[in-house]
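First structure 1, then structure 2: two forms of the same chain, each alone, as structure tokens.
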Structure 1
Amino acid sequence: MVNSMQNLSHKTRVLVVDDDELSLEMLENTLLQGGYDVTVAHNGREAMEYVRTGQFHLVVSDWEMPEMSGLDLCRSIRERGRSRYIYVILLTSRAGTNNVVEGLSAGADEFLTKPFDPQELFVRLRVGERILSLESRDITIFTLAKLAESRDLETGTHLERMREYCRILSEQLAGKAKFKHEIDGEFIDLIYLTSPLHDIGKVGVPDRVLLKPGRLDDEEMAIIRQHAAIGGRTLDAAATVHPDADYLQMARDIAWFHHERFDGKGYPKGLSGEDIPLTARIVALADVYDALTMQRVYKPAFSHEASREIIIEGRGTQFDPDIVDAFLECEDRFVDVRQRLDSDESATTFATLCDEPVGSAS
């Protein structure tokens, strides 16, 4: 299975459709040189047969072809509608707004004037690839987040608040000389997207432990702590197969290391200091703040002030001192989020100790 996935991620497939042999050959040569995996079709019907295999997501087609035109091909592709998006570039010698409108309403994504310019073709294809990768990224994250939520016994807003806290902390850190090279807009977008996956490994924790009301014994505690490594390894396998998918690497780091402590006394690996990925250090604080300020069965909700004191106590031991400082600089924003997203936590009828009472060295 891993092998077939690797093959899929190797070269980008492009389907080229043109009734003219000469154009077809030139397009094929260009795309092969550009590192694409090229399949050619000589008419719209042949193209649709390839499309139906589900293996083509980038299509470059001539507009004017006998029988089935490029427009008809676009419409047929869009009529399928049920699978992953197919990005269609139409080649045309037609200029003018009317034709563009006609093409767009048939479902074309982009146009390329004939005779094509190789560099322009590559730029258009890269845009298509980017859109397709964002689509698959969002589907992946959405699916995983739903899975994570199914094992998140707090009410749903925990994940909402978590990602907000992570974004606020990242924005604050981005303004500091030490972090401004590592934290940019993309980092902030990605941590917002991936931080809800921090506890994804709980899908691997048995119900008898995860759902057990009341205190857990040492053995049960050890089992629950495995969620970090389970989530980390799972996402690492995915990240290895898709080395370009930076969101998977970030999600892996977060899932694996969000229970590490700055002083090296955390788990699962006992990493310390800056050996712990920055994203995981940020999530660690956000996760703990949310656990403190929300009511759990085993504890009341602490006030912001009390939670803040506990976090300051953990400065340099449990938490990265720079991140604690950033937190103190923007704590008002934390209070705002908490008030805005403070769901009816009393609806929680049971809880686990998986997010352990914090401050305690675990």
Structure 2
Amino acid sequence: MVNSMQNLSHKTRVLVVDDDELSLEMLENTLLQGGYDVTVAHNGREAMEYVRTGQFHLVVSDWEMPEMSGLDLCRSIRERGRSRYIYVILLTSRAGTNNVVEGLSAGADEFLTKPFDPQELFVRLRVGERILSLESRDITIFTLAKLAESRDLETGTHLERMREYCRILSEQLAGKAKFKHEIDGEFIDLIYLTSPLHDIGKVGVPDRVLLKPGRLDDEEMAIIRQHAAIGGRTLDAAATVHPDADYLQMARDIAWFHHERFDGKGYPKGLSGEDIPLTARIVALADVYDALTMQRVYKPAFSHEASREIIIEGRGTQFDPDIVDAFLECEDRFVDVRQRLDSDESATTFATLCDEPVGSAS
């Protein structure tokens, strides 16, 4: 068990707090054998000094301590209101509902009964690691999306609409027998999170091309179309280093393939049909719908009805027929999102820069 936990923990840093030297040494040795990077504190006040460094997000603390108890330590941690969450496990010999309520109210996340079982401690720490990794995931996605936005002339509302459209389509497809084994709640959550990264590759396109106000020549067109491969390769490198991070794999597929067409005439690889990842096929329709329905300097906003007809015309050529059908079944929800998040955007769109037909989004 220790060896398996050692492989999983990747030297996660843990702050251990106990005023009893024997208990502290036992905890430290157990965690070191489990592959954790351990720092010890002998009381709550010392522990708070470590917490203030911002280096610790997993804390294992005894409940009963002089000067500052485990409960007081929990309260102090929560009162700080840090942007990054700190996961706290309390060690206690206390039992009963009242003590559990008191501990949870103070801000503890888990309890472990003394004397502790090493395997149970490792399991509780893994729960904390998973929760903290979710927070890190969301921060990473948001940061990358804002990075892409900083290179684009469009407003961030585009990203908000995109993820709403993708969630709506995914929820609609989830009710179909064909997709019930592929689309579940996790899929829907992840496409909502990762779809804003569809144009992350724009960070690799030179300003002279990306921000050019006029028509692009053939060479510039070739350069700007590289954004899909740039984004895909960048996220693929991250996904290779972190193979268990499903969100990176989904983000990679979206960035790389959202300009592929169902008939194989898209880019960058010319994939066709169901060889195109489902996530990218969903994002492709959502992206085009948003480009059509929003006002730009070169055109007024197309009505929903006009945009709907263009998408229907692309059924089986530009778009997956199943996704077009799903769109038609939930189009009222698209209209609701557009009305709720509509803004007076007047920036030049990526579609204009590419001089593509109006039904082609970035």
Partner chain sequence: MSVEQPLDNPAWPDVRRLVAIDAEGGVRPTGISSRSEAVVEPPIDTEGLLRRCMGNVDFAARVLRRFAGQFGGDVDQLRTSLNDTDAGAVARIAHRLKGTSANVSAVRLQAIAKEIEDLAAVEKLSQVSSRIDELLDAWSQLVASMAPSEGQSAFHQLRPNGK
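Residue numbering: sequential along structure 1, first residue numbered 1. Just so we're clear, the structure is a prediction, and the values are computed from it rather than from any experiment. Rigid core (definition): largest C-alpha set, two forms, superposition within 1.5 Å.
- In this comparison the chain labelled structure 2 is the form predicted on its own, and the other chain is not.
- Once the rigid core is overlaid between structures 1 and 2, G44 counts among the residues whose Cα shifts by 2 Å or more.
- Once the rigid core is overlaid between structures 1 and 2, G103 counts among the residues whose Cα shifts by 2 Å or more.
- Relative to the larger rigid part, the smaller part rotates 28 degrees between structures 1 and 2, based on C-alpha fits.
- Aligning the rigid core between structures 1 and 2 leaves the CA of R75 offset by 8.8 Å.
- Note on V17: its Cα is shifted 7.3 Å between structures 1 and 2, core used for superposition.
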